[in-house]
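The form predicted alone is given below as one chain in structure tokens.
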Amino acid sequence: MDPIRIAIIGFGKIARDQHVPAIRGNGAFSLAATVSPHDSGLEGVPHHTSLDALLAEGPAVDAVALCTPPQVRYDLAAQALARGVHVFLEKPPGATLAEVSALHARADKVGATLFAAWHSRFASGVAPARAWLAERRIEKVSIVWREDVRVWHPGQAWIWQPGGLGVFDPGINALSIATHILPRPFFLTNATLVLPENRAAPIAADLHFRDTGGAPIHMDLDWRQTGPQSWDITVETDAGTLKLSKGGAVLQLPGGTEHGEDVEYAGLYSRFATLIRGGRSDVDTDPLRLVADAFLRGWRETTDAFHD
């Protein structure tokens, strides 16, 4: 079977550090091209400054991975789908729920695969956590996702603009895990979003959810963390406490602790290949819906201006 010829659209740090190794490590794919107006790409790989140029001049591609900011992703995805090209959407899958829904409908119409790729769901501890929680009664959940924005997103103005999500850019990773491992749906009850006076997106947020069985879920997001970073989900159950740490790579159960390897993007591309070969899409918007609910219902507080 011929490999799936894929192009990476938007060639920043995440593309270089995660997408390129994952593609090159998966025999189902071949890296056909890169596209970026701001980067020269990789030696030996055809490069264009726009998707228009790639589609007009080649090389031919079967799929694209969109690693651009979410605010510009809809038009690129729609353009690819119009050619019958399969589309991998980095998280979050779009700037709005409505545009992701429209892309899903378009993919179904043309028979192409659309994949909303929640990379944190493929962290090594997530699948066993989901399996362990399936038969448990959830009593309480705590999510603490605190990191230093200056380390992870230096100088990225788009992330502070409407549609860029602010602290929910990392926070949505936690929500992608929580919506996947918790056995019952949950919904927002109240939230406080903390916005720097010079930014349109929050730098911190405090959120309270409740699942359909009544279990409380508290989420603490902050982009001002220095020193050790925190990416932890703790679930108290009738059978003891489960904890996922390091973004889902380390799983602690009452019987012991498992430390896993970094397999997130390898898992994503394995899933994408399976979807393409099977003629299916996977477009789960639950994590984005919860973020949208926070913006819809949350109180706003203003804090000091933020400067890189």
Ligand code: NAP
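Remember, predicted model here, so these are calculated numbers, not experimental data. Note that residue numbering begins at 1 and tracks the sequence as displayed.
Omitted here: the form predicted in complex with the ligand. The next part is about that form.
Give a yes or no for A102: in the predicted complex, does one of its heavy atoms lie within 4.5 Å of a heavy atom belonging to the ligand? Contact with the ligand, no.
Could you tell me if A78 has a non-hydrogen atom within 4.5 Å of the ligand in the predicted complex? No, A78 stays farther than 4.5 Å from the ligand in the predicted complex.
Indicate whether the ligand has at least one heavy atom within 4.5 Å of a heavy atom of E90 in the predicted complex. Yes - in the predicted complex, heavy atoms of E90 and the ligand come within 4.5 Å of each other.
Does D222 reach the ligand in the predicted complex, with heavy atoms at most 4.5 Å apart? So D222 does not count as contacting the ligand.
Under a 4.5 angstroms heavy atom criterion, identify the one residue in V144, L133, L97, V72 near the ligand in the predicted complex. In short, V72.
So which of A32, C67, I276, L242 reaches within 4.5 angstroms of the ligand in the predicted complex, heavy atom to heavy atom? None of the other options qualify; the answer is C67.
Would F11, S36 and Y265 all count as contacting the ligand in the predicted complex, using a 4.5 Å heavy atom cut-off? Yes, all three are in contact.
Among 55-63, 247-255, 23-31, 37-45, mark the stretch whose residues have heavy atoms within 4.5 Å of the ligand in the predicted complex. Looking at the partner contacts, the answer comes out as 37-45.
Output the sequence-ordered list of residues from 129-164 with at least one heavy atom within 4.5 Å of the ligand in the predicted complex. Heavy-atom contacts to the ligand in the predicted complex: Q156, W158.
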